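Presented as structure tokens, the chain that follows is alone, the form predicted alone.
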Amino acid sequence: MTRSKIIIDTDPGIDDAMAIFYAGLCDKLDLIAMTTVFGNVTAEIATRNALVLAETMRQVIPVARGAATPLVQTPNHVSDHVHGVEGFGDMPAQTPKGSALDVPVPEYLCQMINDHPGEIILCPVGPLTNIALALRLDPSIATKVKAVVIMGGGLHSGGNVSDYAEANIWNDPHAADEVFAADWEVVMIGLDVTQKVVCPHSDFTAMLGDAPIIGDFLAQATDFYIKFYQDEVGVDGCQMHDPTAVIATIYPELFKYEHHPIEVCTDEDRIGETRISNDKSRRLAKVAVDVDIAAVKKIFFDTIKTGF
């Protein structure tokens, strides 16, 4: 079976961990690299956590440390109230055995895409700073990437850090606008669908018999995550933001899409809002607006159960 090559740009993060475990264990995906970015945690912690996740899966996956700050704005505070100080809830920091590549992420992304033209799905599940910087370095990658599948934004949903903004877009709205303005295939898997995919803690404890190591990791991490959702959102479970985006890279049929040119507001009053653009020169993005919730959850948990 030919597997789709994927690079995940990430700020792990509990739902990032879910997405990375899924991608690493999925027999339809070849997770060829991870690049890291500030967001849920600092870029330093994100890099450490990405290495830890790869080693937890017993896989050697190149990790490159990326942007530590947004392109323009002053950095927002990390989301430690959602993901914990070290990124995985109350779990203590782990020291990976391996280390990150010594290469700038924009250069690395451009090299990988140029080395594999038409083959790589770029899946950013954090702020889009690294992706915008790669585009600036080599705009031709827009013609060579297979697709860019973003976890971020929302068209009809409103925001989750303000009335208008989703967290990843809000953390670097200027970068996000550059990514949506580029002439490449962008798929936006935003809050319109990811807020609908909710998993109670029992979904994670049910994995322990099949995948005791990864299952225990996720069961522990999601304790903290679910408490946030219960206390702050009023949802009895966690919303599956990042893994839903990774699943969309290979199961697009599970989603309903609208097609619009998208822009990101960079003005203070509605900063981070993703909205339909009046600029008709912008390529239409595929914007997910509905999802087969049961199918996404089944695909995710069935895949995780094949792990360790």
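We number the residues from 1 along the sequence you see. No experiment lies behind these values; they were computed from the predicted model shown.
Quick note: we don't show the form predicted together with a small molecule, though the next part is all about it.
Asker: Among Thr274, Asn49, Thr244, Asn40, which has any heavy atom within 4.5 Å of the small molecule in the predicted complex?
Answerer: Partner contact (heavy atom, 4.5 Å) among the options: Asn40.
Asker: Determine which one of 236-244, 266-274, 61-69, 30-38 lies within 4.5 Å of the small molecule in the predicted complex, judging by heavy atom distances; exactly one does.
Answerer: So the stretch in question is 236-244.
Asker: Evaluate Asn168 for contact with the small molecule in the predicted complex, applying a 4.5 angstroms cut-off between non-hydrogen atoms, and reply yes or no.
Answerer: Because a heavy atom of Asn168 falls inside 4.5 Å of the small molecule in the predicted complex, the answer is yes.
Asker: Hey, in the predicted complex, is Asn160 touching the small molecule, heavy atoms inside 4.5 Å?
Answerer: Yes - in the predicted complex, heavy atoms of Asn160 and the small molecule come within 4.5 Å of each other.
Asker: Even though the small molecule is not shown here, does Met151 get within 4.5 Å of it in the predicted complex, heavy atoms only?
Answerer: Yes, Met151 lies within 4.5 Å of the small molecule in the predicted complex.
Asker: Given that the partner is absent here, does Leu128 sit within 4.5 Å of the small molecule in the predicted complex, heavy atoms only?
Answerer: Output for Leu128 is no: heavy atoms all beyond 4.5 Å of the small molecule.
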